[in-house]
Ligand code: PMT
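Just the one chain here, laid out as C-alpha cells, in the form predicted on its own.
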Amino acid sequence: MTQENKTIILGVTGGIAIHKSVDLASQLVKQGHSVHVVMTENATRLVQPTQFQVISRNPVLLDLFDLGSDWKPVHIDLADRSDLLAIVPATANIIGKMANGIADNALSTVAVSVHCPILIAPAMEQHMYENPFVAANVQSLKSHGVEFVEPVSGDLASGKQGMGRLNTVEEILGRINQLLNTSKDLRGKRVIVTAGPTREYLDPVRFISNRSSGKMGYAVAEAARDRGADVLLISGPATTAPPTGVETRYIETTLELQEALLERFDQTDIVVMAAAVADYRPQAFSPNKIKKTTDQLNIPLEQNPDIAQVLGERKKRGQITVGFAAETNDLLENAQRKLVKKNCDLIVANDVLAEGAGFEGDTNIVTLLDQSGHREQLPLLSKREVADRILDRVVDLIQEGD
C-alpha cells in the first residue's frame, strides 16, 4: 500500500480532549487515508457520532453487535484490513482494558483483534496519569510494542496545571505518518547507538559530566528499530526511558563506553555515536568524599581515549560510523576536521547555542557532512525526524558502497 490509501482505525474515548480527535480525523482524511472511527459510549456524550461520520465518510462503529454489509462481524472486518489503530484520546479506562486483555465494548474488542501497529495518545488528570496502576498498564503495553504519544503539561479539565494534557494534533499526526511510512531498509543490519552523557568520578559522590539528556540517541535507536535493524543502545545516565524492543546496556564512564563498543563493534554494520563523551577524566579517584579544606581545589585531568577515532581506525570495509559534533563556534569547520580525523562516514553537526538545537530539548537543527563533500543543512525538526534523516543518509551511503 502507498501512503495515500492506508486504512486507519481511530479509537475515540470519553476524554475532554475529544475535540482534537475531530481535527485529527479531518487531517487524516485530507492526507488520503481511509478513516474508520470507533467510539465508546462515553465518547458519544461529548461529540455526536454523526460529526465523525461526515468527516470520515465512513460509518462510525458504536456497538459491538452492529451488523455490516456482509456476514463478517464489523470489528473483525476492520481489524483484518487496518494498517494502524490510533486511540486518541485514550483514557485510563481503555489503557487498563487493553493492558489486561479485556474486550467488553466495540473499541476494546477491536483493540484485541487488530494485528497492526497500535498508537495511544493518553489524556487525563495528572494524578490519574501518575497513578501506579495506570503507569504499570502503560508500561505493560509499551513492553508489547504499543507506541505512545506522551501527554504534555498544560491546562487540565480540573482547571489545574499539570502533566496529562493531550499532545498536539500535529505531533500525533506526525507519529501516525512515521508508523505508516516506515520502510524496513535496515532489515538485517546490526546497529549500535550511543546516547547520553558520560560521568568521570572525582570521588564517590562527585563527577564531571555534561547536559546531554540522551534524547537524540534514543530517537536514533527507535528509528533504527522501526526500520528493521537489530539495535544495541549503549547509554549513559539519560533522562528518558529507552525505546521498547531495543537491547540496552548502561554505562557511566568513557572507558566503560569504549569497552562496550569494542565488544560488539567487529560484528556491527553501523555505529551512530550520539553520546556526549567526556574528553578528560580526573587523574586520580578519591575513595572518600573530598572535604572542603582550602579556598581552591585543583583537579589534575588526563585525556580520555578518542572513541570515534579508535573506531575509525579499526573499521573494516562496509562498516559505517556516524559521529556528532556539538559545537558553540565555527560549526562547519570543526565538524569537517572531526570528519577527517575520526574517519567517520558521516558527521552530524549542531550549534548547541542555537535556539531549538541545544541539550535536553525535543528538537534539533543539524547539518550532515560526509566524506564526498556533501553538506545538507536541515531545518528545525523534532529529534525523531532528525534521526530518520540521519538514517536516510546512512542508507544512501550503504547503497553507494554496494
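Numbering starts at 1 and follows the sequence shown. This one's a predicted model, so the numbers in the text were calculated from it and none came from an experiment.
There is also a form predicted in complex with the named molecule; it is not shown, and the following applies to it.
Just one listed stretch, out of 136-144, 114-122, 299-307, 312-320, contacts the named molecule in the predicted complex at the 4.5 Å heavy atom level, and that stretch is 299-307. Exactly one listed residue, out of 169, 156, 180, 278, brings a non-hydrogen atom to within 4.5 Å of the named molecule in the predicted complex: 278. For the residues 82, 105, 213, 93, the 4.5 Å heavy atom test against the named molecule in the predicted complex is passed only by 213. For the three residues 14, 97 and 110, a heavy atom within 4.5 Å of the named molecule turns up in the predicted complex in no case. Taking non-hydrogen atoms only, residue 350 approaches the named molecule to within 4.5 angstroms in the predicted complex. When the named molecule is considered in the predicted complex, residue 230 lies well away from it, no heavy atom lying within 4.5 Å. For residue 327, a non-hydrogen atom is located within 4.5 Å of the named molecule in the predicted complex, even though that partner is not displayed. Contact check for residue 191: every heavy atom lies farther than 4.5 Å from the named molecule in the predicted complex.
In the predicted complex, the residues of 336-368 lying within 4.5 Å of the named molecule by at least one heavy atom are, in order, 338, 342, 350, 352, 358, 359, 360, 364.
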